[in-house]
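The chain below stands alone and is given in structure tokens; this is the form predicted alone.
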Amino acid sequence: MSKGKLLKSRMASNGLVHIMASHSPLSARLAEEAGFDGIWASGFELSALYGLADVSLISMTQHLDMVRAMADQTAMPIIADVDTGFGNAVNVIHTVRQYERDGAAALVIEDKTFPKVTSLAADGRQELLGIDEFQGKLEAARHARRDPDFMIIARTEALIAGLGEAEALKRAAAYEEAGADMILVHSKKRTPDEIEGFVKAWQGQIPIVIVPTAYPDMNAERIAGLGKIRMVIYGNHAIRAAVTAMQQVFARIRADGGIHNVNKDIVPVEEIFRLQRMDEVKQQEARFLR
């Protein structure tokens, strides 16, 4: 079964799939162990890992290398966050072929201009492509994929740009017409009202994806009540959790003048060995080293 078909199968059986952001093979493996349905190969998280702003500074090569490394270490479907597709419709053809080849199950393309600015930044520049041009990108993506189960998810930033529900619905309908498999609608409102309004008004046939970073009260029970959402992405919680933990531990070590207090509160080295699958290495050494 291809990774795209696996993702579709999980949506069909579960109704709603829960996708956790990751920025490394290690974080992807932890998400798999926690029981998530898939991995969000997050451009925001990878940008943060490099200490860079999420404004199209990470190259396709850097992001694709991360996706390939994650696909090599987890059996879960990976949804690749490719921002604007790294260029125009011609670039999108190349992008789809590379990500499909290297193990992604789906990719998300957003309707912003390049270079994009991260959606939740206060007063960030949020410029959208014309509908016709973005339809061309989606049609190019469909043309490029080899596996019909490789999913093309169209992300509209109309609500992020302050253009309102009517514009978001208009764009979503046009993107469905161009062949998108799902619509990701994003919002930076602090309550779910804007997203709930969009979902209730949506008359299309393809399902919806949401990323409730700004409106965390949108839990699984509330999502299920709307009936049209099939995927929820937890878009930046892995990197935020990692930063939280490192800040706290680093501060304690400095305050205590050593690791004697904090050592008992962090995982032992043996847990890292387990995640690195050192047992497999030992077995290989015992069998093959002469």
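Sequential numbering from 1, following the sequence displayed. A quick note: this is a predicted structure, and the numbers were derived from the prediction, not measured.
Although not depicted, the form predicted together with a small molecule is the subject of the following passage.
Site residues Glu100, Glu139 and Phe150 are none of them in contact with the small molecule in the predicted bound form, judged by any heavy atom within 4.5 Å. The partner is not drawn, yet in the predicted bound form one stretch among 195-203, 68-76, 117-125, 163-171 has residues with heavy atoms inside 4.5 Å of the small molecule: 117-125. None of the heavy atoms of Phe36 is located within 4.5 Å of the small molecule in the predicted bound form. Using a 4.5 angstroms limit between non-hydrogen atoms, Asp81 touches the small molecule in the predicted bound form.
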